[in-house]
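Below, in structure tokens: the form predicted on its own, a single chain.
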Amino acid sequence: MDGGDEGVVVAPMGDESMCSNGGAVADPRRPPASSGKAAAGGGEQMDLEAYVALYAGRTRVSRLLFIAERCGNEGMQLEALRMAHDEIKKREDSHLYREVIAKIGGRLGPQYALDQTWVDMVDRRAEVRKEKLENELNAYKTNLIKESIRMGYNDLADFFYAHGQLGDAFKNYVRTRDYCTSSKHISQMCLNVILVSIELGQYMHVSNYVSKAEQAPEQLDPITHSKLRCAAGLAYLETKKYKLAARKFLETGPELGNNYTDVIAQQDVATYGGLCALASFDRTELKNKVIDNINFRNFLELVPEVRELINDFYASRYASCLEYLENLKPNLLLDIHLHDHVETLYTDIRHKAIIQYTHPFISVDLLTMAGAFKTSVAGLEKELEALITEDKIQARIDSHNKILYARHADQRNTTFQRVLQTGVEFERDARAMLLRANLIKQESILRAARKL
């Protein structure tokens, strides 16, 4: 709406001209049924089995419990709790088991009541195992063999992690640092600490240990590098630094595969990276770093909805883009990492779409624009008012005729002001040089006087 477009734009205001900028003509493509990240694509009820199959380890249970807490649908809640119960029974965390049983509250029948026998058996086994590991670690410390001590702390940390004692697991993983003898040991220690820190929600530790791993003297293998990119992306996402988060996810290599499913799935990389990029990148970055990014394209193929909405946004098909976003939204709100950021990201993406829509035109019919953005004229006016107030759109609104007019800068006045400013700066620099010359002259006279 300003700058280079000023001298060449015209004001095509008919419906026909506006359709090319994301408008009222319906796109023949409809958002397809969910695929890839089964649940996170499509407004239908989440396919929990397909969704949790993407993950492994504790995050599978954590995600199920999060869905049960947030879904607001009793059927889905009970299904998530049932699956979480079955998953926990395969593991050794009796505390988490009791928590799930309490949440079920007898609603799934006697089969899902508290199994005290299983709890007692797991606790007894855990006590014996813990005592054995502590004795072994003490023996290793007595022998002063660094590698054995490192392995002892690692085994003890693995034990605490498996039993849900994340604080103790974190401490023991960190203690292995003093006994690491190779770059591989350091990177493995960092990945272990990062894993526990993500579970604990301590993203400051995640950022710190990503940096430590990247500072290792030897080059990291591609899988470890991709894991660290994802971890850094999650840390930036949590702190709402969406542009930095997008860059980290976009740098993730295809080597990631299914090697980090205890934290993140490949579909998540596409979704998180795509939405953060849409919300924070300009058109050039979106084209170069997302659409033309061959590595990231492999991730986008797993989530066609995200791929299509990115292409629609870049091609100014805003109606289709916003439709994809709305279909994705219900299940994104059930994502353990993204739920707090959905509204902010969606608002940023929508505002960018509005700005891009208005940019090429001298004037825009608000009725046509409201149709393109699936909103009322009054609602669109409020959004435009906010963007104009924030100086993101250089325009004014004709509320009576429902037209948005571009407000172009007075080039003659701007040039005149620039010339005046240049003159002021030249005068200031000249005075500074004269002052310096005088100071140098006076100093030389003083030195001469001292010598006499």
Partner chain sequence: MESVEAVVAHIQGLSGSQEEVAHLHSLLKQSEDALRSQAARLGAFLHQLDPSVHSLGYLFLLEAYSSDPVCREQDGDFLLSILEFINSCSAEQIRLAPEKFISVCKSFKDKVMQLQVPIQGIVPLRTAIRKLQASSEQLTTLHSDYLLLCLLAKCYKAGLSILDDDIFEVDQPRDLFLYCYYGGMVNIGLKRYRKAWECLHNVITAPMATLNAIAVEAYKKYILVSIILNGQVPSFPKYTSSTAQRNLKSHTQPYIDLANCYATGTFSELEGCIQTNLEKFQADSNLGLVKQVLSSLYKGNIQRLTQTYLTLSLQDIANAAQLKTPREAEMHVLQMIQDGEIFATINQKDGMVSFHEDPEQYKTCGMIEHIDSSIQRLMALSKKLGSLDEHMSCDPAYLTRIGKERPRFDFDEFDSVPHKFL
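Numbering follows the first chain given and starts at 1. In this text, the rigid core denotes the largest set of C-alpha atoms whose superposition between the two forms falls within 1.5 Å. Small disclaimer: the values here were computed from a predicted structure and weren't measured.
Beyond what is shown, the protein has a form predicted together with the partner chain; the following relates to that form.
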| item | value |
| --- | --- |
| is_contact(Ser399, the partner chain) in the predicted complex, heavy atom dist at most 4.5 Å | yes |
| Proximity of Ile388 to the partner chain in the predicted complex, heavy atoms at 4.5 Å | yes |
| 4.5 Å heavy atom contact, Lys392 to the partner chain in the predicted complex | no |
| Contact of Glu381 with the partner chain in the predicted complex (heavy atom, 4.5 Å) | yes |
| Triple contact flag Tyr112, Leu144 and Tyr161 to the partner chain in the predicted complex, non-hydrogen atom at 4.5 angstroms | no |
| Within 4.5 Å of the partner chain in the predicted complex: residues from 200-230 (heavy atom criterion) | none |
| Core-superposed C-alpha of Gln417 shifting 2 Å or more between the shown form and the other one | yes |
